[in-house]
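Below you'll find only one chain, the form predicted alone, shown as structure tokens.
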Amino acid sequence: MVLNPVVIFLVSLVFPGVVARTKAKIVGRKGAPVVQPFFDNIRLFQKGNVYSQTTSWIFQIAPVIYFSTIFMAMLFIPLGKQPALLSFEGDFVVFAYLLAFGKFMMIAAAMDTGSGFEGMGANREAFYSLLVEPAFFIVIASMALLTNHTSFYNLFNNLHLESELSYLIAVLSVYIFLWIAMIENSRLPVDDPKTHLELTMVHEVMVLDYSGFDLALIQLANGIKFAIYGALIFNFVLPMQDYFVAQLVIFFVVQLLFAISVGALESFKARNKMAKNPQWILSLSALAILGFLSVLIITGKIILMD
């Protein structure tokens, strides 16, 4: 449905503002309005780009491709009973690798600058994405095994027709997808978007050389990515509801709670030590495997012998 990406895009415009406002309230500050990041992007869109002489065309086209891949991935997301604009069996694979291709272009752009710091950040971002990818596919595989479907729309709609097992899978999936969203958006505990120490920066050091229109595209794409994961979480927790207006209200509530949760987590959780990040990220895949094995046992694919 055409309305799906429109709703997700509108949420993405205020999502970073809600996160920032939540963090400000927790530490006792007034904070900027929730629409401040939107106005900041408008100001950046009106500015020109400055390119280093050491960069090539890769650096210049990377933000456009990054934004385009995330925007395309958004078209695969259903909203409850409303099918996605693009939907087919196995569409989650295209979704995952659209996001991966966009990240690859940003990594290539960081390497293109010739900066040792940006190369270091690109190396970390690529490594963390590599480690978190299995968790995503294992969760989707669990749902596919449980529902006998491989498209987002059919997965979510048939998941809620099952027994108590579906609720267990939904809760586990929401937890895993929450942390996948934090990792894929380079937030705490693996990265801190507010840090200014190059030795510990990941995503922020990758975009240091961007300005103006390109920087606005990157920031807008990051907001859309957060809203996409919020939409996926919404589909996991959506109760059986045939009224689109009710679904829309629940969608905005879930997105608001998701943004507040991100702000709260970043306020109370410390950043991991760099050496501990791989182990922590892999623990999400281990948790997803436990869910997958539970589905295998309950569906009779694995029979436990006495």
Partner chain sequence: MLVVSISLFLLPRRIQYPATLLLIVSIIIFSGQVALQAFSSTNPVHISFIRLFGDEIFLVIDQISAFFILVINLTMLTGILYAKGYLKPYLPGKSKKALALHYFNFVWLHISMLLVCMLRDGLSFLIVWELMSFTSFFLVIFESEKASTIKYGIQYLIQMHIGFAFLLVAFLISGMITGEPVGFESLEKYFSEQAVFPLFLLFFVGFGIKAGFIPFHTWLPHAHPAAPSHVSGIMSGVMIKMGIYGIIRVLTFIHTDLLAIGIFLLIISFISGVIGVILAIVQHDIKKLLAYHSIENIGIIGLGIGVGVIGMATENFTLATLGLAGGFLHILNHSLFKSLLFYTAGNIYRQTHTRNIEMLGGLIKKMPKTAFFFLLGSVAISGLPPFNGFISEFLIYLGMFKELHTGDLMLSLLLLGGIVGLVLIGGLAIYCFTKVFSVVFLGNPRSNQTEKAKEVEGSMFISKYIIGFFIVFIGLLPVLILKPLAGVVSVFVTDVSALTAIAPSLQGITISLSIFILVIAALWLVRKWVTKTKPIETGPTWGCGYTGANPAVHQYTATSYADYIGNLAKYITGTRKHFKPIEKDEIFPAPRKFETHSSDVFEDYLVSKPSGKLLKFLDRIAVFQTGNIQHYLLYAIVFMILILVLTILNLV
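Note that the structure is a prediction, hence the values are computed from the model and not measured. Numbering follows the first chain given and starts at 1.
Note that the form predicted together with the partner chain isn't included here; everything after this is about it.
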Want to guess which of 245 to 253, 26 to 34, 45 to 53, 259 to 267 is within 4.5 Å of the partner chain in the predicted bound form, heavy atoms only?
45 to 53
Can you check whether E133 is within 4.5 Å of the partner chain in the predicted bound form, heavy atom basis?
yes
Quick check on D112: any heavy atom within 4.5 Å of the partner chain in the predicted bound form?
yes
With heavy atoms only and a cut-off of 4.5 Å, decide whether Y128 touches the partner chain in the predicted bound form.
yes
Looking at the partner-bound form in the predicted bound form, is T150 within 4.5 Å of the partner chain by any heavy atom?
yes
Stretch 77 to 103: residues contacting the partner chain in the predicted bound form, 4.5 Å heavy atom cut-off
L86, F88, E89, G90, F92, V93, V94, Y97, L98, A100, F101
